Ligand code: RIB
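A single chain, nothing else alongside it, follows as structure tokens in the form predicted alone.
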């Protein structure tokens, strides 16, 4: 089986951690590296958490982690924007590390390995320039700052990209504002740069990820697998469920939580997990008004429509998603001889 070469760009983060586990354990992938970015929490913490996940999966020495951009491209520079009041993002839910959706430190031992000397942007540029055209898939599941900066620093990387599978955006569902999803809202300018890059782009927005929630009962099935990665995922699903119960009435009633970022990884193996995928023209609102960070889809029927620049998933199949996760974790257990 020819493995798909991918780079994970993350703001780890609980659902990022689950996505990283799946990217490292699914045998369909050749994970070339992990680039960390500011987002759910500060970049020093997203980097540290990414290192913890690498060790949890026993991939130290195989998978390297690169620390990326500490701040968004522009959103913190405008004095009255919500981002500027914070400097770095506020995590979702409680700030209590035991109940936050995104705790400062994942429930794992402190890492014994360190991030690489090169920055994430340098790694992205050098790795992509050394690749064949259309060879590497990028999987950003946090703000797009690292990738946008790399594209602006050296546009020669763009033809090297096979596809960008983005967890981000929303149409009928949003979270950080009435108009915007978190990953876009943190750095709308970066999101717009990547959207208009000319790459093949698939957006896995909240409309799809909220359909692939996992429940406490499903977490117990994962926990029964018994490996370190499975136990981590079970812990994080339960922690996310506790956090979401504080802020999302629908998820509280379902006794579950969406696992946003892992769906983007799943879609590379099982494209059919994304449903009602429409080729659209999409822009990000960067006007810094009430709709700052909104992903705007042009659905007008026109004689001369705007060029279509991404595939937008309006729905997803929960059964495919959950089965994929359990199958990969079970196979990892067998590979460990447990």
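This is a predicted model, so every value here is computed, not measured. Numbering follows the first chain given and starts at 1.
Keep in mind that the form predicted together with alpha-D-ribofuranose is not shown, yet the notes after this line are about it.
Legend entry - Proximity of residue 187 to alpha-D-ribofuranose in the model of the complex, heavy atoms at 4.5 Å: Taking the distances in the model of the complex, the answer for residue 187 is no, it never comes within 4.5 Å of alpha-D-ribofuranose.
Inset, instruction - Flag residue 182 as yes or no: does it have a non-hydrogen atom within 4.5 angstroms of any non-hydrogen atom of alpha-D-ribofuranose in the model of the complex? - result: Yes, residue 182 sits close enough to alpha-D-ribofuranose in the model of the complex that at least one of its heavy atoms falls within 4.5 Å.
Inset, instruction - Report whether the minimum heavy atom distance between residue 76 and alpha-D-ribofuranose in the model of the complex is within 4.5 Å. - result: Close contact is absent here: in the model of the complex, residue 76 is far from alpha-D-ribofuranose, nothing within 4.5 Å, heavy atoms only.
Legend entry - Partner contact for residue 254 in the model of the complex: alpha-D-ribofuranose, 4.5 angstroms, heavy atom: Outside the cut-off, so no.
Inset, instruction - Can you work out whether alpha-D-ribofuranose is within 4.5 angstroms of a heavy atom in all three of 15, 175 and 206 in the model of the complex? - result: All three within 4.5 Å in the model of the complex.
Inset, instruction - With alpha-D-ribofuranose left out here, work out from 187-195, 112-120, 145-153, 167-175 which stretch has heavy atoms within 4.5 Å of it in the model of the complex. - result: In short, 167-175.
Inset, instruction - Between 240-278 and alpha-D-ribofuranose in the model of the complex, list the residues on our side with a heavy atom within 4.5 Å. - result: The stretch 240-278, when checked against alpha-D-ribofuranose in the model of the complex, contributes 260, 261 at the 4.5 Å heavy-atom cut-off.
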